Ligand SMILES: Cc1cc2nc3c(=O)[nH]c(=O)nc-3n(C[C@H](O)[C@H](O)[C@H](O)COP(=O)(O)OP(=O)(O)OC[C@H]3O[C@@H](n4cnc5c(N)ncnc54)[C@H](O)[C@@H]3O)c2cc1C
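As a starting point, one isolated chain is supplied in structure tokens, in the form predicted alone.
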Amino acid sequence: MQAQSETAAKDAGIILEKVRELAADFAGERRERQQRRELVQADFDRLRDTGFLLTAVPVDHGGCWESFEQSNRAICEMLRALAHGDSSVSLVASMHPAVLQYTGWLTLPEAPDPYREAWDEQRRWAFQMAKDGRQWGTIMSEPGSGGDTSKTKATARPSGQDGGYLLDGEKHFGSGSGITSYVITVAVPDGEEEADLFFMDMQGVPWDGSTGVKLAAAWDGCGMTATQSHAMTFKDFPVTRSAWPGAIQKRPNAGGGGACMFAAIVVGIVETAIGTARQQLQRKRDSMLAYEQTEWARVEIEGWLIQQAYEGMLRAVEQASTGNRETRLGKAAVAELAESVMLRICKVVGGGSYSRHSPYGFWLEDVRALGFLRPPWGLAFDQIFQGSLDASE
């Protein structure tokens, strides 16, 4: 077991170095990339070739995932590095390991009877798809739900095939639409009251409604502009249900990994922004006004706090203690601090920071987007409040 763990760590280290090299290439194209409003398949082909998709495959299935405690930091560092070069690519990439954790396929290796055999088969298939280069994504959110997936109004009725259902409903924030091969969602099964997990094959599926899925609105967000987080309408669209009904309610440390991944992306953006601004400000160091000096000092302070919050999130998951609570607090703290840092940087750099030839305005909107990622602001603070009075001293 120790030898297997050492091999997995080595493999993850190799993937991380390849991701860093890829991110450096992306950074050399920053201006052009920040102008994009769509994803480029070649970027994800290159990411696949680094071995990144293996972060969602267990070591005993030929990947490098071991556990939340052992694997979370390596995955987050990959996403942090990738964000140095392209934040939209990094966000879409994060969905792949986050999805296979969320489903329970990575974190629940065995199901109870009578689901054991079907669950094992579904897990093996999902991991094989990742090994084959198929990227996983998600389209969970719905208009009016406030980000709470338990409030889904989407429905799924049996199609007559084993495990097959037909999905009806409105969904949005399908990050990576057109890039991801398989996508998870939630819906209420016919005749039941609680939402459950489903996944669908989106490879080569047209979005004109002819096969049951129609593009309702193309993504036009002010931040993370090239993530193709489209809204879709589903009508009688074939989906497959989780082989272990209700498994998503039984995942250990369910939210910790995803929160860390989203935070890692923003940490990477902020690091790059501070480094770029620091280099630029060297030229006017002796002429900076008192206000500019004070704002820059605050950038340094808040940048340091972001690093501490991020490290605290990673350690909370590694210690497998209060990972959910700590990572929720950390994600909210990083989101607020990152926006503050970017605003201060823009003030110090000056009016030129909002021109389209400057990266700062794009970075500001990208980090603001973190507050709207799972869970969004309202739900995030509700969860923090609900857990705060129950927290042990």
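Residue positions are given as counts along the sequence shown, with the first one as 1. On a predicted model such as this, the values are computed, not experimentally measured, just so you know.
One more form of this protein exists, namely the form predicted in complex with this ligand; it is left out here, but the text below deals with it.
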Please pick, from 199, 119, 207, 173, the one residue with any non-hydrogen atom lying within 4.5 angstroms of this ligand in the predicted complex.
173
Answer with one of 163, 133, 246, 146: the residue that has a non-hydrogen atom within 4.5 Å of this ligand in the predicted complex.
146
If we define contact as a non-hydrogen atom of the residue within 4.5 angstroms of the partner, is residue 91 a contact of this ligand in the predicted complex?
yes
Does residue 95 make contact with this ligand in the predicted complex, using a 4.5 Å heavy atom cut-off?
yes
Spell out, yes or no, whether the shortest heavy atom distance between residue 101 and this ligand in the predicted complex is within 4.5 Å.
no
Would residue 138 show up as a contact with this ligand in the predicted complex if we use heavy atoms at 4.5 Å?
yes
Only one of 263 to 271, 222 to 230, 103 to 111, 189 to 197 has residues with a heavy atom within 4.5 Å of this ligand in the predicted complex, and that stretch is 222 to 230
